[in-house]
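Here we start with a single chain on its own, the form predicted on its own, put down as structure tokens.
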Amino acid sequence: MGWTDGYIAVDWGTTNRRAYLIDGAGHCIDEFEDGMGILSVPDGGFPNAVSEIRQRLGDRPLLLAGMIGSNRGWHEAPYVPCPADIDDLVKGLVRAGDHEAIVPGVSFIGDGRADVMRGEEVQLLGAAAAGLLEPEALVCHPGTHNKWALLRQGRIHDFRTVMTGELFSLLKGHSILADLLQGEVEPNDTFKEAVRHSIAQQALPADLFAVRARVLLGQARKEDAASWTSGLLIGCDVHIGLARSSDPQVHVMGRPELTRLYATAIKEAGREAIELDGEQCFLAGIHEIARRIDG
């Protein structure tokens, strides 16, 4: 079986997985998504979890990316250091069997800090390969752990992770604000005001406590608390990310429900935001990797 004759691409994360059946021309002809993230796979259960994918999509080679290659996944695929491009990912592939390959993540060490990503690198470099990004670009990749990446000469030059999504989830599930954060988050006027406030004040820990006080003292509506809190967090996130580059345009890549929030916040900060569909970028990147395996 050759990769360019057709294969299955899997974006396997911590809490979910998405699998795509790709034909020889690089077109997705079938797919599924479920909650079988790596944390849901029991010890020794990855061979069965992989077999289940083939049962659903067919007997094809598997090209797997994301947390499946972490030290908690199936087989660890060591990180490729920045700067990194598609060829570096191909060189770092780890074979999990005769017809299974795992894409490595990317790491950064420098400026007194260290950082890692798994999965986002396929989308970032896929977008560059497909011409959706310029070779020199600032990219925001929102998710549980948002990535701010700098592309230079079409390579991931460096990046920084901000735990905004996880912080919101923790506040929603386990904090004194939990009962206020069950509503929907919308990029409305409340959200925009919170973004501007957060960027200007840079006092996030104090502003988060004030979410509850504002409601208790009649200064804000309870139904606005989720959008306000999200705006505070994303405003802080955007302040961190935009400090990395003076690029007038920021490409925001990922799921539409997240990219629209970040795009709104970036515009409030005075930059232009261009939204890209993360799934389209992933498929572009994974097909470029598959093409180079056979090449």
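Because the structure is a prediction, the values reported are computed rather than measured. Note that residue numbering follows the sequence shown and begins at 1.
Quick note: we don't show the form predicted together with a further copy of the same chain, though the next part is all about it.
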Within 4.5 Å of a further copy of the same chain in the predicted complex, counting heavy atoms only, one of 134-142, 210-218, 97-105, 84-92 shows up; tell me which.
210-218
Going by a heavy atom distance of 4.5 Å, is residue 201 a contact of a further copy of the same chain in the predicted complex?
yes
Quick one: does residue 79 come within 4.5 Å of a further copy of the same chain in the predicted complex, counting heavy atoms only?
yes
Contact test in the predicted complex: residue 190 vs a further copy of the same chain, heavy atoms, 4.5 Å
no
Residue-level contact is defined here as any heavy atom of the residue lying within 4.5 Å of a further copy of the same chain in the predicted complex; does residue 196 satisfy this criterion?
no
Partner-contacting position among 36, 269, 240, 28 - heavy atom within 4.5 Å of a further copy of the same chain in the predicted complex:
240
Decide if the three candidate residues 18, 23 and 58 all line a further copy of the same chain in the predicted complex, where lining means a heavy atom within 4.5 Å.
no
Are there residues in 140-166 with a heavy atom within 4.5 Å of a further copy of the same chain in the predicted complex, and which are they, in order?
145, 147, 160, 161, 162, 163, 166
